[in-house]
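What follows is one chain in structure tokens, specifically the form predicted on its own.
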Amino acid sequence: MSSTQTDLTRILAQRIAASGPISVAEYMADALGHPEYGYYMADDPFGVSGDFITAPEISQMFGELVGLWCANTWLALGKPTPFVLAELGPGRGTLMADALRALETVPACRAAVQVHLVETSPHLRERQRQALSEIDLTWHDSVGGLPMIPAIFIANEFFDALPIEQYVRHDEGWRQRRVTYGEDGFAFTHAPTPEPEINLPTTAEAGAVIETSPASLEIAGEIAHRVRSHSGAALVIDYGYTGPAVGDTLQAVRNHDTAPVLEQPGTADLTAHVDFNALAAAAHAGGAACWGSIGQGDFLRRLGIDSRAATLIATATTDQKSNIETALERLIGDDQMGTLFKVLAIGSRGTEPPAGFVFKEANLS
């Protein structure tokens, strides 16, 4: 048993013993973001040697196309100078590095950009500093710290790691799922009484699970407010669904494989599927318009990923060609990331659809 696991388990067990079972959101928040023992605070989880591989790590094409989307959006916004390019949860900094390289094709845009990163992990901040060593960077703990000027936000696999609440259907109503601790370790339990003021479906089978993410909705609303008041846009890419939906999507990943959610908190990545309709509704309530969600495959094809892959293949070795083709299939294949991952754009009301979207994909509900 590692010291990290022992320490975080002890901390949570003592808290439960003193105050009673904690919510799933509280468990998830500490397992991922505890200042000393949270998963994102300890080691580098990205890449082949980590627990999972994100799209920017699969191929440079992903970040380049996101960068071109940002440049196109900047032009559509009227070329604000300066403007903030803010990435939420920037990982190793790979996506931002590729995006900035693409921005160089629009020199005025590249000259106008101020790079801001929303990142709480000191370890990952250092990795980002290394990857973007020639860039003037500013870090923030939250979206609220960003300067109030025009901004373009990038959030790739960010919302899936934000804490969720779960509610379980009982005969008398929905009860909040909680986490307790006993001789056999952590286990799920539930609140002693139903939640009377939660807006949840009235018809569902006993044992059904509903998930909400207040933290996600708050951030989506804050982004929308900034877009409305100071101009800007946002691109959200994540795996998820167009809700509402019933089901337990909370999962743990360790060493590229699934693991028990309540086993060894702080040593595995915890994520839940993103409800894109809920994000869109929160953004709309904040005064913005949304487009999507659409599949990542459709989005990247519309931005020209097939042409970009062909250009790279034209000067590639045989091995490189194979790697590019494999990466392309992973990013856009219907049985891989192409449909499981979805894309949502947030922008100002009354504007044209951003690159990769069409009018009929406007989501104003």
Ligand code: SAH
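As the structure is a prediction and not an experimental result, all values here were calculated from the model. All residue numbers are counted from 1 along the displayed sequence.
The same protein also exists as the form predicted in complex with the named molecule; that form is not shown, yet it is the one meant from here on.
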property: The named molecule contact in the model of the complex: E87, any heavy atom under 4.5 Å; result: yes
property: Y181, heavy atom within 4.5 angstroms of the named molecule in the model of the complex; result: no
property: Non-hydrogen atom contact N156 with the named molecule in the model of the complex at 4.5 angstroms; result: yes
property: Touches the named molecule in the model of the complex: G91 (any heavy atom, 4.5 Å); result: yes
property: Residue among L162, I294, L146, A102 with a heavy atom within 4.5 Å of the named molecule in the model of the complex; result: L162
property: Proximity to the named molecule in the model of the complex, single hit among D141, E172, D136, D257 (heavy atom within 4.5 Å); result: D141
property: Site check Y40, P56 and T120: each within 4.5 Å of the named molecule in the model of the complex by heavy atom; result: yes
property: Listed range touching the named molecule, judged in the model of the complex by heavy atoms within 4.5 Å, from 67-75, 186-194, 278-286, 111-119; result: 111-119
property: Residues in 329-346 with any heavy atom within 4.5 Å of the named molecule in the model of the complex; result: none
